[in-house]
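Given next, in structure tokens, is a single chain: the form predicted alone.
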Amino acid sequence: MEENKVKIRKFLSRFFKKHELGDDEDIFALGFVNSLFAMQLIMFLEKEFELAVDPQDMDFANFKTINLLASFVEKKTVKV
């Protein structure tokens, strides 16, 4: 999970250049997020982690923080 956090943090740092995000800091509450960024985030997750973000996954609770994003990725990429 730490490796996923590093990848997610690197991606987010391109958008939050002047702010170092904490693992539990709400990226939506910071006010930097718009609909274009949200789509870029979804595309990044799908490409980087080779997963599909389904319509039922489109809940802010999955994407608010680095920890929640990493947990979402773990959940979507668990091999049975």
Partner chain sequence: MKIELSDAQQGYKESFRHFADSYIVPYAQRHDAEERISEEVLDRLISAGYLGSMLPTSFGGMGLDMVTVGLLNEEIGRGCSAVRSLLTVHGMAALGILRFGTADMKAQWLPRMASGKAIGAFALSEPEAGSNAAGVKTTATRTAGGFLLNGCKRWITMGQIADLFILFAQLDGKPTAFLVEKANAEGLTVNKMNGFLGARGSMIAELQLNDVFVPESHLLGKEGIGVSHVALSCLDYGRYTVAWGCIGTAQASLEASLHFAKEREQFGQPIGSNQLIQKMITEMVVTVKSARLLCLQAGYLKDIGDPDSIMETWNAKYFASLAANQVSGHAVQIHGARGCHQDFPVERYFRDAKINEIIEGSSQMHEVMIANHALQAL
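Numbering follows the first chain given and starts at 1. All of these numbers come straight from a predicted model, not from anything done at the bench.
There is another form of this protein, the form predicted together with the partner chain, and it is not shown here; the text below is about that form.
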Query raised in the report: Does the partner chain get within 4.5 angstroms of any non-hydrogen atom of Asp59 in the predicted bound form?
Result: yes
Query raised in the report: Hey, in the predicted bound form, is Asp26 touching the partner chain, heavy atoms inside 4.5 Å?
Result: no
Query raised in the report: With a 4.5 Å heavy atom cut-off, would you call Leu30 a contact of the partner chain in the predicted bound form?
Result: no
Requested in this report: Would you please decide whether Lys10 lies within 4.5 angstroms of the partner chain in the predicted bound form, comparing each non-hydrogen atom pair?
Outcome: no
Query raised in the report: Taking the partner chain in the predicted bound form, which residues of 16-43 have any heavy atom within 4.5 Å of it?
Result: Lys17, Lys18, Phe32, Val33, Asn34, Ser35, Leu36, Ala38, Met39, Gln40, Ile42, Met43
